[in-house]
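Read the single chain below, which is given as structure tokens and is the form predicted alone.
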């Protein structure tokens, strides 16, 4: 996959993906990066992920709390807020409509 194009796509949806993962359960940065990679989005570097988490925190969509690690250093755990859940719900509807339109156009290429 073209890395420049992948980067452009990520900039548009990474916050939505992070909110969706946090909607499942609270998590910390490295674990979120692993989950994103496991879904097929690909590896996400800390320099990409942590600014998104900070922005979500500053806008009140997630909260963060430092916790001692059982077998290592303390970790910053992120949890979605009620405002984050509402934003996720609304944005998911918007994304579905947008992705459906893009899919319709691109499927035309596959049938020709």
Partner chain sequence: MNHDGWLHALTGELHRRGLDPNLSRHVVAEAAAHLRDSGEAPLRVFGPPETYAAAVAESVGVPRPQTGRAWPDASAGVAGSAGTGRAAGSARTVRSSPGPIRLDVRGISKRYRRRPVLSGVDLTVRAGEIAAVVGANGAGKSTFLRICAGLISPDRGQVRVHGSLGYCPQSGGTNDYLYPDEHFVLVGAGRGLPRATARAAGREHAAALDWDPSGRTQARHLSGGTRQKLNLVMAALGEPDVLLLDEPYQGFDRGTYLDFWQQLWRWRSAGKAIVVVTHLLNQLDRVDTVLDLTPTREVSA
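Because the structure is a prediction, the values reported are computed rather than measured. Positions refer to the first chain, counted from 1.
There is another form of this protein, the form predicted together with its partner chain, and it is not shown here; the text below is about that form.
Novice: Does at least one non-hydrogen atom of residue 67 fall within 4.5 angstroms of its partner chain in the model of the complex?
Specialist: Output for residue 67 is no: heavy atoms all beyond 4.5 Å of its partner chain.
Novice: Taking heavy atoms and a 4.5 Å cut-off, does residue 40 contact its partner chain in the model of the complex?
Specialist: Result no; residue 40 lies far from its partner chain in the model of the complex.
Novice: How about residue 60: is it within 4.5 Å of its partner chain in the model of the complex, going by heavy atoms?
Specialist: So residue 60 does not count as contacting its partner chain.
Novice: So in the model of the complex, is its partner chain close enough to residue 82 to count as touching (4.5 Å, heavy atoms)?
Specialist: Because no heavy atom of residue 82 falls inside 4.5 Å of its partner chain in the model of the complex, the answer is no.
Novice: For the stretch 10-30, I need every residue with any heavy atom inside 4.5 Å of its partner chain in the model of the complex, listed N to C.
Specialist: Heavy-atom contacts to its partner chain in the model of the complex: 28, 29, 30.
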